[in-house]
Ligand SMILES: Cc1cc2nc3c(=O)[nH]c(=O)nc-3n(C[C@H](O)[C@H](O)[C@H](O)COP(=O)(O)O)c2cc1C
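The chain below stands alone and is given as structure tokens, in the form predicted on its own.
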């Protein structure tokens, strides 16, 4: 089984990345082959809305680092996104990746690449796990539309300070379960 992790946090020592790493390490101990991308460190241009993908079987006209993520998604069995909430929604780096997945709407994704699972690890500063759930669920509908199966949506709260999650065993266990659930 191949699992791709995409960290969208721009912070060094981010809680989102720490949680994602825990999930991926757990999946790897159960036999999964893992790949990790830090989207903020990649050269990913915003979708240009040129509809090139409509005429070219979902291939995007932009030749940047997103091509590495496309290839990994196409070859994997499951995805885990690690996403911080900054202002009542997914952060800009996640939105950038999400918008570039528009090209997959233009052709039969599941028939071409197979059914895939997707999980989301959300970190946020606010202590209420449901504070942004309605907004987040709107973003994740795109994956359902493509035919992805939603495996987990875990919200890890009170994580506004980079690295603070390292002292929260309960939250790290939730993150580990995300990786375990994809393999089982």
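Owing to the predicted nature of the structure, the values given are computational and were not obtained by experimental measurement. Numbering follows the first chain given and starts at 1.
Another form exists, predicted together with the named molecule; not displayed. Remarks below refer to it.
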Residue (of 26, 119, 39, 159) lying close to the named molecule in the predicted complex, criterion heavy atoms within 4.5 Å = 159
Check each of 143, 52, 70, 132 and return the one that places a heavy atom within 4.5 angstroms of the named molecule in the predicted complex.
-> 132
With the cut-off set at 4.5 Å between non-hydrogen atoms, does residue 86 touch the named molecule in the predicted complex?
-> yes
Hey, in the predicted complex, does residue 16 get a heavy atom within 4.5 angstroms of the named molecule?
-> yes
Answer for residue 125 alone: is it within 4.5 Å of the named molecule in the predicted complex, judged on heavy atom distances?
-> yes
